[in-house]
Structures are given as C-alpha cells and as structure tokens.
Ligand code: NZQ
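Read the single chain below, which is given as structure tokens and is the form predicted alone.
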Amino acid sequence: MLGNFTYCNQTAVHFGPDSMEALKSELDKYGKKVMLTYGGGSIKKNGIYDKVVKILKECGKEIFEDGGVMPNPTVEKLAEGCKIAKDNDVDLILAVGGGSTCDYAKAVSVSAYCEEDPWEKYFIRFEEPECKIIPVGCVLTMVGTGSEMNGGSVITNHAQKLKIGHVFGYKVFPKFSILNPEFTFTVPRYQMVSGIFDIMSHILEQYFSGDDVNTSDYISEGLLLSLIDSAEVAVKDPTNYEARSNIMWTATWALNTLIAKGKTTDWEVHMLGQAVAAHTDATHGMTLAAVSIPYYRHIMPYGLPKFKRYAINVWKVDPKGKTDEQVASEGLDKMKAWMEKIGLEMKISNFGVTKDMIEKIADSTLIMEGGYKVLTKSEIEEILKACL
C-alpha cells in the first residue's frame, strides 16, 4: 500500500536537437551576472562552449568563468567556486557538462552564502540550506546522474577519504535544464558506458526496496528495459540518435524522485562505490558496476520475491521447473553477462584496490537502512573482498 508522500519537481526540461533555442528565454528570467561552470575543457573542443557563450553575450550577460570541475568534485574546488560566486554576487550558475558539473553547481549554490563549513553542514550533518540559494541552470553534455532534474550533489573530501552525496530539497533543483542528445555523441566510450550503468544503478537502488507491487516498480521495470535495449545499440553506434535520446531521457526519469515515491530505497551500492572512489578516484559508474553483483548476491535471500520478479520481468528468465532462488540467481547471471557485454569494470582491483585496503574502504562506507538488509562492517568487508 502506498503511504503519504509529496511529489514536487519544478525543473523545466527542454529536450531535443533544438533545445538550445530555449536557453535565451530562460536566461532572461535572471540577472546580468552568470557564473559559467564546466569541466576539463571538452566543451571547448566540441564547440558547445562557443554556443553557450554566444547566447550569454547575446543576452547581455556578464560571464564569470569557473572551469576545471573534476569528475569527483572536491571540497577544495567547492571553496574556489563559492569565492567566485560570492565575490561577484552572481545571479545564476550555469553548469555546462555532465553530472559532476551539475552536482558541483548545486553545491556552490547552497554553500556560497553559508555561514558554516558547507562540508560539515551539508555532507556530514545532512542539513538543509538556511542561507541564500543561487539559482542553477544546466546544459547537459553527458548522461548518467540525473543531476539535471534533482537536488543531488556529491562532493569528495580526500583528506577524510570520504565521498558523500546530499539530496537537497526541491528548492535546490536546477531551475531549467537543456538536454540535447547530440551533445553526448562525442563522450568517450568508457564514460558513456559508465553513465549507462549509473542510470541502471539509480533505478535498482529504488527498485530493490519495499515489498509492495506498486506503480513505482512497474515504471522502474519499463525504464530498465528501455535502457538495456538502447545501451546495446549505443555501444555499437554511439551516434544513433534514437538510442542516445532514450538513454538521456531514461537517466532523467531514473533519478528525478518520481520512482522513489512509495519506496524506502536502498543506496548501499552507491555507498560502497563512493567509498571505493574516495580511495581511488575511480569513475563513479564503474565503481558501482564493480560492487553491484556481489552486493546483490549477498542481499538476495532477504528480498527474494523482488529478485525473482526482476529476473522474470526484466531479464526474461523462464521460471518453469526452477526454485525461486534459481530464478533470482539466473537473473543476476544475465545482468552480469550484459554488464560484461557493454564493457563495464567488474572488479575493484581494476582501480588499484588491494586486500590491505579493504578495511579502510569499509570504514569509509556509510551504512544505509532502506534496503532488504542493513549491513554490518564485517559484511561490507566480505562484499568488498568478493569484488576484488
């Protein structure tokens, strides 16, 4: 039975090959000063930077650049961005890039005027902002995180060996997002595949929780089926517009809070993957892939009916003559085979993790309570060893 919940998402999404045409009208809603945030410079090579700057200038905006956002944005980079935003009293932060850039922009938006240490307030105590929030807009160039339509922000603290995400309320959601699937065509294959699994993991984190056969689960299964099919096409033909557009739209709906409604949600795979990344700085989606199968095999007995359903409805396992355990296990076997087929990393040792690092990574792993099994530290270590 669905309980009480509130659903609110105020992000305006402009989707398609002509979506950049909407940027002008969106920019007109904000003041003159715009902080332009982007990553390592790929948008300058593929021409997206020039397109965005041209529109900003046509709109009479004063541009304050904040480039160099890394794949795992750090507390040090956050401090840099906050200084630029506050010193120049910017009216809008425009994030041009993938999920890390969007995540970072939201972190800056709530931190620039925060009177406390943002890391402690938001990423340790998980409090909501009480200060002025700078509006954020996104021009997406890589898909996976769903950050373009949610309040999520993940920041890394290398000194503390922690990578932590905070899901802020709807006031921190981007005000608008430009989604042109063609902008993703030049993303390197490794990053594309990583993003694809990030999408899958987002769906599964919400799907594998709660026991009700509810609307959220049916939507999740549909999204998974679309993603699986489109990913196979995109791996063979990265410029296939239909496949890339379906992947982009699936990513947005995978984590804009809709399918979480009526669910407790798990997120332990993300905690495991983020702990690995905090120690190795490995690519987010790949760390999720490397820990997923061992984790799901570990918790499968505690959520067997859902794992059986997953095997049948998503991976088309024939249950005839098989026990529930056999059906569920075959579903995970098929998932693993698909992951290997599209080129995902399946071992954390590929990122340089060794046995003597396991205890420290386990110490960096937050324990969640929304899934089928609340893990102990020894279980976390056991799972991580199985991921080697």
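On a predicted model such as this, the values are computed, not experimentally measured, just so you know. The numbering used is simple: start at 1 and walk along the sequence shown.
The same protein has a further form, the form predicted together with the ligand, not shown here; the description that follows concerns it.
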Between the ligand and 220, 306 and 370, in the predicted bound form, does every residue show a non-hydrogen atom at 4.5 Å or closer? no
So, in the predicted bound form, is residue 174 in contact with the ligand at a 4.5 angstroms heavy atom limit? no
Is the gap between residue 255 and the ligand in the predicted bound form 4.5 Å or less for some heavy atom pair? yes
Do residue 73 and the ligand come within 4.5 Å of each other in the predicted bound form, heavy atoms counted? yes
Wondering, does residue 145 line up within 4.5 Å of the ligand in the predicted bound form on heavy atoms? yes
Assert contact_stretch over 290-298, 313-321, 130-138, 101-109 against the ligand in the predicted bound form, heavy atom within 4.5 Å, equals 101-109
Heavy atom within 4.5 Å of the ligand in the predicted bound form - the one residue of 278, 78, 187, 243 that qualifies: 187
So which of 203, 154, 227, 82 reaches within 4.5 angstroms of the ligand in the predicted bound form, heavy atom to heavy atom? 154
Which residues in 32-47 have a heavy atom within 4.5 Å of the ligand in the predicted bound form? 39, 40, 41, 42, 46
